[in-house]
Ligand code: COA
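This document starts with one chain, in the form predicted alone, laid out as structure tokens.
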């Protein structure tokens, strides 16, 4: 039985800051951002946007394309949890009006969480072929102002319907995995900004890629040349380029002129103009590839590398299905990105410095351009979400 991604949808904030603006204000050469890390714009969530609203906004367009009563599992991968007890998946389940005969769970392992959710959802569908699972990756990347990580902030969500006989991507059974207990990136409960050892994290990311690939190759016998395209976890765009160069070298492949662009270029566009979205970022890359590839990828095998600091990594693969273009959200994605509002540096810092209320009182949040789902306020420590469209 074929199982994989039936439908996929991407959402990001309606606000961004141009990294040239950030660089100029911080006294940094813009080339450090544009070329050094490969980023151009950074999505900024306003106060009435969080991982739940982004998740629901990503999911709604694909929920409308199926019978939602078939969804009996909602899995939400994130490292930006909003509650120490209640799963973000439960909030989204309610906002989308899904069946009560449904499991809803949140998963955490840094940026790997959504990939864990995909594979758990696939195992579930194999036992119940008529069911569908809603899998979500949604995160807000947040670092201290003026820190080295600041230009790699961003936000976004990807929602996927995992089913049998998928119309977008059949995912292979075999995958290569690698886990190691390291401290390359972490966020203690008492902080709302992440901490990262950047150079060490890069080394771990690349080492884990080699180890996950070896495990994958042992199981499948496939080689580098068996893949038409590759998607990588994207903390910043240049990281994927380094990873692909590393994997090619590890496999004894010399990349010719144009190979890097051809093999991963289309996967990078969305991330370059939205920034890091942690658990969602690998699948933002997949959306970017599917939406932007001039070549029909039907029947082509895609290599997928997921990495979560701490660390867990996985290399897996899938085959794009014939006719997939008819089921994409390409036009909606393009419209969303084109209509975003640019922030000044002052507006960016003002939004950054707004803290979520922790006094247990009643707070109504100003309405920004967040839609159709938004965070309207908080009362007695309870978040209040509304559907405004």
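Residue numbers count along the first chain shown, from 1. As the structure is a computational prediction, the values presented were derived from the model and not from experiment.
The same protein also exists as the form predicted together with the ligand; that form is not shown, yet it is the one meant from here on.
Proximity of residue 31 to the ligand in the model of the complex falls within the 4.5 Å heavy atom cutoff. Not displayed here, the ligand is kept clear of residue 76 by more than 4.5 Å at the level of heavy atoms in the model of the complex. The closest heavy atom approach of residue 36 to the ligand in the model of the complex falls within 4.5 Å.
Contact annotation: residue 103 falls outside 4.5 Å of the ligand in the model of the complex, judged by heavy atom distances.
The chain is drawn here without the ligand; in the model of the complex, the stretch among 126 to 134, 286 to 294, 239 to 247, 164 to 172 whose residues come within 4.5 Å of it by any heavy atom is 239 to 247. Only one of the listed residues (217, 201, 193, 263) places a non-hydrogen atom within 4.5 angstroms of the ligand in the model of the complex, and that residue is 201. The listed set 267, 152, 317, 80 contains one residue whose heavy atoms approach the ligand in the model of the complex to within 4.5 Å, identified as 152. Contact with the ligand in the model of the complex, defined as a heavy atom within 4.5 Å, is made by all three of 148, 205 and 233. Applying a 4.5 Å heavy atom cutoff to the ligand in the model of the complex picks out no residue from 168 to 184.
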